[in-house]
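Below, in structure tokens: the form predicted alone, a single chain.
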């Protein structure tokens, strides 16, 4: 089994003060001073892949693990960390393009890598990532590959016959099914999936292994691969005002406030039910 885990490096927007959300002429917000992290859903995907490999080792069916990201050299440090965590390959598709709102381009690059280089039969990635948060990349990639896609996955376990036992959330509860690759799995809210930290021994043994860098244009230009989709054009960006109006109920004691709440607001509403 050859597993590809896709992840995205994003700025930690929780560290940005509200006054710094200023959009420039290129429709960007300056985040260069903010620490870069692995997108949380993708972090879960990476850890779940490692947990799967741990369980598969017990069954003497160790999978090959490849970590893949699209972006510039800022991702190299994270790729080296993943090498220290026993990923067999750490690959970066080098792209300088603005891919925040272009899931079809990201999916095309991932599909091209699988078809030409990786030959993977299981793809794991987070269900969505900032800043775009479109939640479309796994589904578009599955459409391009012609593979089934399972979303909101919370755990993956090895099963007999080179199959996977996948647990995912559905509308009315939890679904657990055994599937046969190839497939694409989109990780949702998975418990106990914080990415583990490599030991100093792991870093010395594996962390210095090279990161593979592939030029996006070269990847798409070889082997008869169609050109990258043009995507949508970003015309504007603004913050969503999530404030809601409210009423402060006056009163000296909790009892007075409760009576005011009932007689002023709830009594009439309850009478109309």
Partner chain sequence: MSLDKETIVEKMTALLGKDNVVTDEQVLKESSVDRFRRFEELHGVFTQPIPAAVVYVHSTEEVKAVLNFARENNINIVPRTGHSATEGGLETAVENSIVVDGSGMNKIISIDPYNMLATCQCGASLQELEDKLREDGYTTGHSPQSKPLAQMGGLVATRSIGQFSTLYGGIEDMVVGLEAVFPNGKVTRIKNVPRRAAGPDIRHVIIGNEGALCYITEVTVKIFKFTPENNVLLGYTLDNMKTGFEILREIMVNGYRPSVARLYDPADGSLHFSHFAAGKCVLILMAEGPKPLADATGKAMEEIVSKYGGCKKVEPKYIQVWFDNLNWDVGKVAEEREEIMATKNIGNTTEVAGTWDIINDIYEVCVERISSEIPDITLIGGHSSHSYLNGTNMYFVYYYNVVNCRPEEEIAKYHLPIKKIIVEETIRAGGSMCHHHGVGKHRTHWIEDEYGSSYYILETLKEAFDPQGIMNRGTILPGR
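Positions refer to the first chain, counted from 1. On a predicted model such as this, the values are computed, not experimentally measured, just so you know. Basically, rigid core = biggest C-alpha set you can superpose within 1.5 Å across the two forms.
Separately, the form predicted together with its partner chain exists; it is not shown, and the next lines address it.
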Q: Consider residue 34 of the chain shown here, and say whether it contacts its partner chain in the model of the complex, taking contact as heavy atoms within 4.5 Å.
A: yes
**OP:** Using the partner position in the model of the complex, report whether residue 195 sits within 4.5 Å of its partner chain, counting heavy atoms only.
**Re:** yes
**Message:** With the partner left out here, check for me: in the model of the complex, does some heavy atom of residue 24 sit within 4.5 Å of its partner chain?
**Reply:** no
Contact check, 77 to 105 vs its partner chain in the model of the complex, heavy atom within 4.5 Å, ordered by sequence, gives 77
Exercise for review: Using a superposition on the rigid core, decide whether the Cα position of residue 254 changes by 2 angstroms or more between this form and the one not shown.
Suggested key: yes
